[in-house]
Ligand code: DGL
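Next up is one chain by itself, shown in structure tokens, the form predicted alone.
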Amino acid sequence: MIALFDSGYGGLTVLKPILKALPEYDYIYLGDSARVPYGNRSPEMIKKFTEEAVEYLFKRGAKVIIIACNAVSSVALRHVQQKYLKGAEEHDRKILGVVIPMAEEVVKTTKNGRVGLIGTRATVNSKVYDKEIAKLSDKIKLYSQATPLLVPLIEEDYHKEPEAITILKKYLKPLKSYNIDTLILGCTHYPLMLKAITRTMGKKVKVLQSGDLTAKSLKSYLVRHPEIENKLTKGKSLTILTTDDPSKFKTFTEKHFGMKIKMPEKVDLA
């Protein structure tokens, strides 16, 4: 089974393209909506929440866990990899993130070497994108902007309201002044505001989001690692888990993603 974990709805922007690219596998999605947003929390708390989610998903039968959250990938991915992938377990299961596929795409995309990033405080403060991009190219300048209000607005289904768009434009204004040609959506929630973001940044700026990149990366990973792929069940099933209101999660998913899903299961991670 392949699992995806996010602080709330954002990981659905990764799940949907993965389902399209790799429909044959069984999937489980966990959105910790009761404790969203993660991006404004301390690194210690993000690691604690991530440990609880990873332990739970492995108990549910996951063999591959995709951390479909930039804040968690930035702050806690290496931590949980080191804690839960030891000895024989390293060969039986994997925990993957969304940052490296994005960093690789940035290097391929930018023409002038001036790249913008919007993300939660946790992602921006971690400097993870600075580090991963620098490993691939020393010619790229990254301009980062923390956008802490966007995830709560999206989770409350308020992201299309005029007030939300005004806040978004205020966040993006500094990045426009840097003459960037590429913008990283450093949070998997942000594609839900993609139209407003692209309209604000203009046609000359290429906006990169994690969904398709992660799906492509996962597909390649499974081809290169048959020892993991062979352990995955292939029943085309999808189980949705949430730590908050299942009916609200179902309504949001069907409204914004066009995905008809069964009523999510409510779980307690703490």
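Fair warning: this is a prediction, and the values are worked out from it, not measured in the lab. Counting begins at 1, following the sequence as shown.
Here the subject shifts to the form predicted together with this ligand, a form of this protein not shown in this document.
Of the residues given (Val151, Leu183, Ile95, Val128), Val151 alone sits with a heavy atom within 4.5 Å of this ligand in the predicted bound form. Interface residue remark: Gly39 is counted as part of the site for this ligand in the predicted bound form, having a heavy atom within 4.5 Å. Of the heavy atoms in Thr214, none are within 4.5 Å of this ligand in the predicted bound form. Remark: Ala76 does not count among the residues lining this ligand in the predicted bound form, judged by a heavy atom distance of 4.5 Å or less. For this ligand in the predicted bound form, the listed stretch (240-248, 198-206, 218-226, 63-71) containing residues with heavy atoms inside 4.5 Å is 63-71.
Taking this ligand as it sits in the predicted bound form, the stretch 15-34 never comes within 4.5 angstroms of it through any non-hydrogen atom.
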